Every structure is written in C-alpha cells, then in structure tokens.
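Considered here are two forms of the same protein chain, supplied as structure tokens in two stand-alone entries, structure 1 and structure 2.
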Structure 1
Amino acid sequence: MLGKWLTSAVAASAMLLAASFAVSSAHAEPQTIKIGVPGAHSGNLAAYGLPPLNAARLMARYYNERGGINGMKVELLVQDDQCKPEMSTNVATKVLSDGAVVVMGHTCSGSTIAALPTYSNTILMSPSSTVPELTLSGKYPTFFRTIAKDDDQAALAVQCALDRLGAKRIAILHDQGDYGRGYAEYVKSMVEKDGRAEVIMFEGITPGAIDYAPVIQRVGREKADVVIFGGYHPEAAKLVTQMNKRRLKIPFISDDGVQLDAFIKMAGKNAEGVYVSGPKDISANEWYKKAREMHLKEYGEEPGHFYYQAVAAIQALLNAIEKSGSTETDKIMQALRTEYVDTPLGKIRFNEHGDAEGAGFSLYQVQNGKFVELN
C-alpha cells in the first residue's frame, strides 16, 4: 500500500520536474516564435473556429515568407477544444507545455473563461469571445481581444441618447429574446450608472403581436424623450410606424439587428432619423482587401466568421513582439497597449482592459433611405 503510494508520488514529481524543465528550456532560447491556436476546429461550432485557424495559417506563412519576426520563424501550435470548457483547460496546458509564447484563440466565451486561469503568465488574444466580463472584471490582465464586447452597442446607444440627444427620460423596450433583452439590460444598467438620465420604462413586447399601441401610448404618457429598442428589424419597423401614426416624434435608437436594408424597406419614411449601431464598415481598409484576397486565393471562397478579427489578432501579437524585441509577456503586453498596428479592422491598439481601440461598432442614422455612418 505504502509502496504503491510512494512510487506514484515519485513518478508524479518526476513528471512535474520534467515538465518544468521543458517549459523553462522553451522560454530560455526560442528559435521560433510559437503561437498557440486553440479553438473549435471540429464539432458543431467549427464554423466559428476554423476561419481563425485559416487566418493564423495564412498570416504565419505571410510573415515567414518575409523572413519571420526578429529573425525568427513563426510556428503554430494548433489544438482543438470543440468549444467545450472541460476540454479547453487541457488544451491550454498542452499549448503552454509545447512552448507557446503567445496564444491566439479559444473561440467561445465559455471555453475562454475556463482556460484563462491556465494562461496567467501568457498573453491570450481571442478573435471571438464577446462576454464583457472577460476584460472588464480585471481578473485576467493577460487577456486581449480584437472583437467588440457584447455591451459595446449598448454603450453606443447610451452615448447617443445622453451626449448627442441630451435625453433625460429614456424608455427601453425589448423583444424578450436573448439578444434583445441582453442589449436592453446593458443599456439600462449603463443609464442608471451614468445618472444623467432616468429609465422610465423597461418593457418587453411580444414579437408577432398584431399591435403595439398600448406600449407606444405608454411611452407618450410617460413623456419619454428617447426610445431605445433591443431586438430585430420587423418589430422595430412596426414600432416606428406606429409611433409616427400616434404622432409621437421622439428619437428611436436600436442595435445591429435593425441595421438591415429590410428595415428601411419595411418602415419606409417612418425609418428616417432612426439611429442604429452596426459593425464598422471596414471594407475600405487596405489590409481587409489583402486578407480577403489571401483567403480567396488559398481556399477559393469568402472567409467565414471572425476571420478578420483573427488576422488582426495575429498581426497585433507579432507586431508587439517585433516592436518590443522580446518574447517576455510583460514587454509584449506593454507594446500591445502602446503600438498601433495596421489590420483589416483598421489601425488598432489595446486599452488598459485589453479591448481593441478603434475596432467594433459605429453609430448609423437613416438619412434619405440609407444608413449613414455618423462620426
């Protein structure tokens, strides 16, 4: 009994020792820059994980053909976590023990959260994890991302209502779905935190109902000076149409579920003046065209979800390594925060939380039947 315990203890400590040797030797003299690429590369969420993998492969080849970074070639350590939190921790350990200097990945927010404690000394940059707490909680200083947070659109709406329109009484409506309600709740907590305006209504409507008159009458009675709606374009179109019929002329702000031409088609002239947030138009960026071209040439089709965010992540990481001339986490992090880098998303760097500045959403307004980006 005791003997058995002893042997396993010895074996375990031997393994630990070996592991620490492996890690330290990898960190001491890296001949290549190893980038971990964990993500959902199989399973039913692979559609979100494979495009970032393509991006990593194409970008690694791009830099290696140009002689690498600081004279070192880029090497990828690809690991599949299938977006499963229980797998992502093992995948993270594997990537680190193989000697990753920086890591680009974890596709889903859930697997990113599960893996983050493992990356306490290594930079993890996600192209697709959008849960706000990942950066805002301050618990994960080594976490960065090139995708906008879930609440960024809500922040834009609140900014529009308070700064642009000077609203004092805000009515928040939503369609009771995950997306619309989530957006509406972020808006509510932001308005309450800001304190300049008051949330006078927070109500759900039933999508597909034959009439939204009472909710609009209530908005009129409560003397709201702006309506913020979380949901999709069919309900938004009905709401603005009925508001106009009820002679209720107050600004209407919504999310990217409404930023569709179908909304303008359905609401017609009632859509004029409506504010919506939507992804920044990046199609004019130099690197956007270049990255798209690379993908078309290699794979013969348009890139999928999060491809451009992943290209931007690899560029940001390698740029920071090049500029800092180091593979030490602290110095790379410093460079990520100070050095701008040209990416498909535009010129970006990272703020103190780890969110990309200069990427994400913009505010649009319907003017003469078109969405016009406001600055």
Structure 2
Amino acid sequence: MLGKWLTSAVAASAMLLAASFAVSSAHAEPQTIKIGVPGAHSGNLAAYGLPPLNAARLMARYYNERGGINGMKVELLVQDDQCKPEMSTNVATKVLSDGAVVVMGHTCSGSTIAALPTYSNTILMSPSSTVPELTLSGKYPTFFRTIAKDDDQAALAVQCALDRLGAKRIAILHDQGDYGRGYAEYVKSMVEKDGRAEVIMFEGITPGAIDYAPVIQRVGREKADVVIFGGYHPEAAKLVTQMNKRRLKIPFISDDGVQLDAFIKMAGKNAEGVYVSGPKDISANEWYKKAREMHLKEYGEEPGHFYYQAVAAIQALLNAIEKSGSTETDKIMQALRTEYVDTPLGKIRFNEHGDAEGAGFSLYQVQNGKFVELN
C-alpha cells in the first residue's frame, strides 16, 4: 500500500511540476524572433514574390551573424500564397499559428486585403501592396508598407498622358483585380476631375486570356490616343504585343506591376516606348549598394522587383523590436512611428496611417530594352 501511495504521490508531483513548467514557459520570452514571410513564391506572379523572400533570407542572416536582436536570433516562417486571395487567409493563419511575432508580406494587394482580418493583432508590413485603402481607410491599424500608394502612381500616369503626351481620348483597361482595378479607378477619377481629356473606355480584361483582340479592336474604333492599363506584366505584355501586330501604335502607360524585366522579356521589341510608374531610383543610397552586393554575392544576379522595399521592411520591423525592447504589437507599432531606421530607401519611419515617409514613385520609359527614369 505504501509503495502504491508513494507511486501516486510521485506521479502527482510530476504532473504539478509539468503544469508549472508549462505555465512559466507560456509567459517566457521567445527564444527567437519569428517573422512570417507570406508571398507569391510560385506561380505566374512569383517574379514579384521571390525577391522579397530573398531579401528576408539575406537580412535574417545579416542580423543573426551580428548576434541577432536583443539577444534573440531571427527565424523566418515562409509560406506561399501564389498571390491568390483564396489561399492567403490559410497562409496567414499558418504563420501566426507557427508563432510569427511580425509579418513581412503579402505580395499582391488582393492577397493582402483577404488576409488582413487574420492579422488584427499582428503587424503586417508589405513591400509591394499599393492599394490606398489599406492605410487610408482606417480599417487595418496593424498594416504598414514600404512602398507608395496607387493614387500616387495614378497621378503620374495622368500627368504623363495629359502633360507629356497631350492626350484627349483615353482608354483605361484593367485586370479586374483589387490592384489593377483600383489603380484604373483612380486614373479615371483624376482624368475626369482634370477635364482636359475624355475617358472613352473603362474596361476589364480577363487575366490569362490568350487573345485580347475584341478590346484592342474597340480601342482602335474609339480612336483612343493613349491606353492606360492597371494590372501585371503578363497581361500588359500581351496587350502591347497584340496592339503592335494590329498596327495600333499609340502610347501605353501602366503601373509598377509592369515595371520589371520580365515584362521586357515577354514583350520584346513591343515593350519599347512603354511608360510605367515604379519606385524612385535609390541607387546612390549606401544601404542600397550594400543590399545589392549581398544579393549578387548570394544569387549571382541583380535583385528583382520589390527587393529593396522588402529589405527596408525587415530592417524597420527589427529596428522597432530592438528599440522598443519588446515583441508586443503595440510597442512595436509605436517604435515604427517614432524611430527612424537607415534602409535602401533612405532614413524612414511611418506616419499615423502606416505609410513610409519618403517612399515614392517615378515615371519610367522602356528605351533600348531598359527602364529609364524620366525627369
């Protein structure tokens, strides 16, 4: 009986000790800083999502080789949403269940919008989601970004069409997604408000379609003297190629979803003369040079689209964690808004809406197979 009693007592003590350890562990400081990295890492839009992933990996190594942040190493939780809103909620749930303290992603605005309700208590910082309502609506207080808004680049498109090209009849096309349609709607509103030109078409196209002949024929019939397109490079490349095949040689203006080398490769000579908006040239910045060299050394090629914005996002998040001395969302948010950090974009912090102060767009044109920044 005594032996049985002793066995029961030992078992009870062990259970009590285990429970006590579990409680203390639940309140212990994390041993690593886990950063979620959701994005388009495969699929048609991987050209936008892989450069930010490379940035996250390189910056995690950079900080870890220097001892981490506040004594903790950086750990990445990588998830692929292929820029598909229907996948992004599950991806967001996964990175949070795995313990992400902060998140750098998603790549596309549609995926970001779909996932944001899941991040109601966690900071999400995107290097590439440009829909203005993400910061201006007030619906997403934990959202931040290191890229300017679509209304900023829409203004550049309208200025190009009206002032540079003297357009009077403007055809506006979009891919029906949150990003492309939103950009197109801002363009339409700005053209109509200005009053110097007429919007003679506002039409959505189907992403992935092989032939855009009907809409291109209508552009010709309506005698448009410029086309402004909201969307991504695969559709833009098809549009300009098919327009040129039909000898419809009118200026084509688009957004930063088109400002990457993949567009020029897909469109070939048809890309010549195309105008796009994109992040300002920051090549003189010291951290830009350092981040570029890191990428060249690791991957043997130039960084892709949104790489530098992603480097800045990781730097800003880790700087805020370090300066606040905390992994609590409210304290990190306060530090993001008050503490400057040196990045490839320059010295930045974030305004009350979550937009990076100092980030902006420029107008580019494809000249001799390269994007050239215009004055």
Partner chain sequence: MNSELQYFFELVFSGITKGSIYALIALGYTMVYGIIELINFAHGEIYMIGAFTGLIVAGLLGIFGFPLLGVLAIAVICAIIWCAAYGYTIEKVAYRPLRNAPRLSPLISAIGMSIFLQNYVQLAQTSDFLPFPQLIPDFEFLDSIAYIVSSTDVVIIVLSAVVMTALHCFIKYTNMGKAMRATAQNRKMAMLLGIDADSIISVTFVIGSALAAIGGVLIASRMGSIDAYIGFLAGMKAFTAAVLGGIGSIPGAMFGGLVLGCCENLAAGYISSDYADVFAFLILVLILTFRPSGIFGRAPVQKV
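Note that the structure is predicted; figures quoted are calculated from it, not measured. FYI, numbering is relative to structure 1, first residue = 1. Here, rigid core means the biggest group of C-alpha atoms that superpose within 1.5 Å across both forms.
- Comparing the two isolated copies of the chain, the first one is the form predicted in complex with the partner chain.
- Treating the change between structure 1 and structure 2 as two rigid bodies, the C-alpha atoms of Leu165 and Gly208 are both best fitted by the same body's superposition.
- When the larger part is held fixed by a C-alpha superposition, the smaller rigid part turns by 57° between structure 1 and structure 2.
- Superposed on the core, the two forms differ at Ala154, whose C-alpha moves 5.4 Å between structure 1 and structure 2.
- The Cα position of Leu363 changes by 9.4 Å between structure 1 and structure 2 once both are aligned on the rigid core.
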